Structures are given as C-alpha cells and as structure tokens.
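Next comes just one chain, in structure tokens: the form predicted alone.
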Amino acid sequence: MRYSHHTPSLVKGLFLASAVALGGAASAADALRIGFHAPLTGFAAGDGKSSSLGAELAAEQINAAGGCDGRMVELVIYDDQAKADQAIPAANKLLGEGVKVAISGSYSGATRAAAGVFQKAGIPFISAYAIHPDITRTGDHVFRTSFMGEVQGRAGAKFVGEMLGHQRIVMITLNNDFGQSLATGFKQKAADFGIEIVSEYSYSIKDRQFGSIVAGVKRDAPDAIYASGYFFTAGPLVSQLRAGGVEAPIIGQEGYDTQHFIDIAKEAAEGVMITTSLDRDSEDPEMRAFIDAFEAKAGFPADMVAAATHTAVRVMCDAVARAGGDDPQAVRDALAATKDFATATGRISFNALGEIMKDVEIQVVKDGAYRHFASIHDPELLAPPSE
C-alpha cells in the first residue's frame, strides 16, 4: 500500500508498504488513488490524525482482502489545516495528482470549500463527518456518510427533553458552521419536547476562557446545558463550568467524541453525555471490529472521526467495485445507488440529496472513557432533507 502525505506547499513524507493484488504485486499505476484532505497541522490536528488513521486502516483492510475490485487502494493525503483557504488549493492539487474520487476527513468550512472544487470537476466526493447542511447541496457528486448538523441537533432535543426529562435549558453555542447547525436543529424541536431555552451564549473557536459564560449559567440555574464545541474548546469549557460550581448535566455532540476531550477536562468530563455515531459498547460486528482494529493500529481509543473516515473509504471502494472502475460518473451513480451497506458507523443508504439516515448513539463519560448510554431510533425525527 502507498500513502502520500502532503502539506499544502510541500511533501511531508511518503510511506510505502508491500501491496499484493489478486494474481501478483500491484504497482502504483494499478492502484485506486483516493484523494483525501484533513487537518494534519493546526488547531484541529488531533482530529486530523484520527481521521487519517481511520482512512488508512480501511485501506489496509481492503488491500488485505484483495483490494478494491482487485486494485490496491492508495490514499493521497493533503493537509487543509481545517481552513477553507487551504482546502481549495489542497483539492486542486489532488485534481492535479489525477485522483478520480475524493473524501474529506475535515471540518465543515474546509469541506464546503473543497466540495465546490470537486463538484465543478465532476469528481465523486464524500464528506466523512462535516455536518453543515449546504455541503451536499453543492451538487450531485457530493455525498455525506454522517449526520447533518440539524439532524443531530434535533436528536439532542429529544434526548434532553423527552429521554432525560429536562425542561429549563441553557445553550452554549460555538459560533461557526458546526455550532450553528447543531443549534438550529435543537431549536427546531425544543418546544416539541417541552424545552424552554432560558439563555443562549455564544463563543468563538479561539476562546479558551469562559468566565463570563460560567457566571451567566450559574445565574440561570438550568436543568441541563446543551453545549456545542470541539474537544479543544469543550475541554476547557466543561472544566471551567464544573470549577465554577455549575452541576447541571452537560450534553455535547460528536465534536467532543475523542479521548482528547477527556484528557483535557479530566475529572470534569465524568458524566458528560454526547450525541454521536460511534457506540464503544456495540455488539454490531462491523463496529466492534473497527474499534478493536483501530486501537491496535493507533495505540489510542477509537473516536468518531476515525470511524467516519473508515466508513467513507469503505463506501467509496464499494461504489468503485460496483461501477467496475473509477470512471467518475459511473462511481457517482454507484454511490447514489448505495443501499444498506454495513459500516463501522451503521448501515449506509443515500437519499436523493446524498444524505444518510441512521440511529444516533448517546455516549456518557464513565471512569475516564466513553460508554453506551442510549440510542435514538426515530426515522421521522432523524430524516435528512432530500433536496
């Protein structure tokens, strides 16, 4: 197998391993080259590492089983720093590399930017875990194998209001595509589940000090807190809420879904609940096999972004195999026809917009690790838009 890792301006390194296809050794010319961009450096590098490792694990497993329709998988990986202005040149460089299929292992801003480049070029593109609703609306070559933000927000409202029975809620919203999408979904369904939103506080992705928010939440004395964020913002936020004497349950989302959050928040992470797509205690064979194999490869626990990129690579390979090659239009049509394909994050079927519907998993931090708390199976609530 071959992995090519690049920053936007230079080659970081080239890693080679033997790759044997059905009937003999596979050369680079025979490989299925999948373009992949992720934040390998910068503020989101922790997620970028997990997403790249998840994709690499999928490629290794596919190649060990004989390849993708008999071809070895090669990932061509560029660093986008989770920034739109880096994702566009990264996408163009992937096109320059000659890739005919591509995957985002990055955040919403970078993914939205790259989606436009690949759609214009007619290249099938999968967003592994970015949640902004406009990603798949870029065009008919763009798909997503994770939840839309609004869908996960609606699930959060059901969980907080109906399943936990909390009514007076404070929202703490990260002021970017990720946080706003989640907040929109939560607000859409809050009243349906008996929720009164007492206050909403917002913060920027650069913020790490939350004294004024903590003071406001203490005054509000809510039943629970719905707080969006990534591990590097949620860790300090949760720590400061608890240090400030706020004891209300905290409900987060998949941005928390990494051991990094627990390592940052330490004891304050205990009891935090999140909506996500990875169940660490699942008995599903696909999910269980991924969790065990990822930890063996990476040396740290599996997380949502790794599971999501593992899923995206497997879905793309399945489409290439059914298309009988990597002709972009044929692969795009095969992706659109994907039905009930088993992966580490659930069974994948795309609707007319390239969106999926699957159960939402609730995880709780217990004894320093994520554990199963509940699952939400509600086809009407979790249905994504189809146009």
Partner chain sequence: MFHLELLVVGLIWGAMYAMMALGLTLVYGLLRILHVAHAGVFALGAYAGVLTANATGSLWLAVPAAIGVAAAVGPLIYRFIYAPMLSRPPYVALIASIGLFIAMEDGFRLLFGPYGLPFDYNPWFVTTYSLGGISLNVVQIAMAVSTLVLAGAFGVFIAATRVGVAWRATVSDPQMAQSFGIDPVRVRYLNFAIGSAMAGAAGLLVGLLNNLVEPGMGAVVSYKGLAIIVLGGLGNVPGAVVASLILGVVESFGTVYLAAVLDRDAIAFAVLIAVLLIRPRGLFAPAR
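Numbering follows the first chain given and starts at 1. Just so it is clear, the structure is predicted and the values come from calculations on it, not from any experiment.
Beyond the structure shown, there is the form predicted together with the partner chain, which is absent from this document and is the topic of what follows.
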| item | value |
| --- | --- |
| One stretch from 105-113, 196-204, 144-152, 275-283 that, in the predicted bound form, holds residues within 4.5 Å of the partner chain by heavy atom | 196-204 |
| Residue 162: touches the partner chain in the predicted bound form, heavy atom cutoff 4.5 angstroms | no |
| Residue 178 within 4.5 Å of the partner chain in the predicted bound form, heavy atoms | no |
| Distance check, residue 328 to the partner chain in the predicted bound form, heavy atom within 4.5 Å | no |
| Distance check, residue 218 to the partner chain in the predicted bound form, heavy atom within 4.5 Å | yes |
| Heavy atom within 4.5 Å of the partner chain in the predicted bound form - residue from 119, 92, 167, 239 | 239 |
| Contact assignment for the partner chain in the predicted bound form, among 40, 62, 334, 348, heavy atom within 4.5 Å | 40 |
| All of 46, 244 and 263 within 4.5 Å of the partner chain in the predicted bound form, heavy atom check | yes |
